[in-house]
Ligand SMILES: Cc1cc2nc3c(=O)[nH]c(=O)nc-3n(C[C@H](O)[C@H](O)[C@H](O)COP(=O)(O)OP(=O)(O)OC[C@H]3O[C@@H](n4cnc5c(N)ncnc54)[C@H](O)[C@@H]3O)c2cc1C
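So this first bit is one chain, no partners, the form predicted on its own, shown in structure tokens.
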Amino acid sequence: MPSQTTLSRRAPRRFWGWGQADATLDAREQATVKTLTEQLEVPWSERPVPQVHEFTLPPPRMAAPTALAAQFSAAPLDRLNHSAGKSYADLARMWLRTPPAPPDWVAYADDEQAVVDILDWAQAHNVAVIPYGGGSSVCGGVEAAVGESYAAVVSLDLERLNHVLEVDPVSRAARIQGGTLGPELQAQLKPHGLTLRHFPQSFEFSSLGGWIVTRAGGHYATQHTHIDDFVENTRLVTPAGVLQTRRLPASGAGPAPDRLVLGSEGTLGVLTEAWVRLQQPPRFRASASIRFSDYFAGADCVRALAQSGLNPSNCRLLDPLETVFSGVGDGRHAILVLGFESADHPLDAWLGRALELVRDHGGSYDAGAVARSLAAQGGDEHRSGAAGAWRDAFLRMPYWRDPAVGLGLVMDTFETATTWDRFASFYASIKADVGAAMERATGQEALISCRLTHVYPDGPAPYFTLIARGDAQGSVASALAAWRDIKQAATAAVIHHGGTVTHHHAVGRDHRSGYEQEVPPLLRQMLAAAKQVADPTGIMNPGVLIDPVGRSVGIRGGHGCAGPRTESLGQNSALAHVNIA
């Protein structure tokens, strides 16, 4: 029999929110939530958080495999934690005590051989398998919404594959298991004097394997913006066998096999380990907080910085409202958080040239603060001022979103990327279209802000934050209904105005409608053909990216953010009989 008590070896997590079960808000964060509720005229109250005993889950539809039963859990807490990710809709449904369908079991694979055995068993018994790293998906990537054609669903948790297996200090690389969370990875590399230095906002609760298969964005605003830039090779366990790529610094030998693994989102197999490129921790840091009275002058400055070859590690432009949300401004100016780091050399020349560009574009800054930053390059000065405040707010924002969701506020983000030539009109059009959708959905003027999280010589990655109320009573159900309309409008707007449906949050189930408009139908046919080879029975994360050939998964119940799929791929397509469009 599967275990009825949790098999997780990690500290208990909130199934209804972000972080560990005992996480709390500090006084400033509580004040932020209260300020938002007052501004949006939502009544403030301490609402009871969801408890496990409030949920009645159906029993597993199939017995666990006898040989693997010790690794299978049917514990309510495990199943609730693995029933969804951490998107707004995921959390709202938990607050409503109406969760999505849970997986029948959670399997905690002890090692790679257990992964192989679980996939073999799942193929033989028509069981869908959803790979699970840290569960931080915000786009429906780990939900058991697989349609009606499967006998059962298992969430395959990789938390026990969490070790740095080998370090090559000469080449500065390491072989690391896919289930290793950010802090675990960092701690195990530290004795070797090396670091991966990839810090997504979900760093605490996301895994290396999750970063790779979702092409996650990290903290670098330029140059090494995605995990792609650090991947040296991958090992993917598929239902058809193990795909092991060669470890090389670079190759021109045909299409790069790792590129098929990157962004595959669990649809081809389970990433069990990878070699990744490492760095020495930075010894020198320098930063500046720059104000612009004109937001678009600030954007022009960021473009100049991105095209200068200076490669700042931080180059994030916050529009006036975003400075309020991040706690680094009062809404009167746009603020550019600019930073450089190096393990090799002082940064005076780099920051000095960057500030010349800042002055050329009308930016202003505290010269004394810059001087202190340069004087303390080896110290902790980078943790103070606007740069430090932004960093802290960036990592803590998911925590104070939780009570806001419970109070009936719509709080969500969406990110995209576009080219510099269209950025000004893109920014204005997105704010207008999504703002109008928010007003239609909520009946009141809503708040929408933007920051540039990553920048390239040819364009920025705008990241929008939106906040609204569902209704005057603070109804979570009303807020969720409004969110569905807003999400659909945001997806349509970024595609219509020439952006990507996601820059680093992945496709999952929520962004499929936009993804299918963004990529050519022929590419989706090629991907479906690759999936049919690696996953011939279609058990791997059905409904993410594409439907398996011969099965129709469609939109998952509960989120309902994309609407029906109607596009045809044509009678000659390998997918002509599949409801994929």
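Since the structure is predicted, the reported quantities are computational estimates derived from the model, not experimental observations. Residue numbers run from 1 along the displayed sequence.
Unshown form predicted in complex with the named molecule; subsequent notes refer to it.
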Does Ser342 reach the named molecule in the predicted bound form if we count a contact as any heavy atom within 4.5 Å?
no
Can you tell me whether Trp105 touches the named molecule? I mean in the predicted bound form, with a 4.5 angstroms heavy atom cut-off.
no
I'd like to know if Lys86 sits close to the named molecule in the predicted bound form, meaning any non-hydrogen atom pair within 4.5 angstroms.
yes
Should Asn233 be classed as touching the named molecule in the predicted bound form when contacts are defined as heavy atoms within 4.5 Å?
no
Contacting member of Val494, Ala221, Val213, Leu336, with respect to the named molecule in the predicted bound form [4.5 Å, heavy atom]
Val213
Pick from Glu265, Asp402, Glu322, Asp78: which has a non-hydrogen atom within 4.5 Å of the named molecule in the predicted bound form?
Glu265
Of the candidate stretches 481 to 489, 189 to 197, 291 to 299, 129 to 137, the one with residues having heavy atoms within 4.5 Å of the named molecule in the predicted bound form is 129 to 137
In the predicted bound form, which residues of 183 to 213 put a heavy atom within 4.5 Å of the named molecule?
Pro200, Gln201, Ser202, Phe205, Ser206, Ser207, Gly209, Gly210, Trp211, Val213
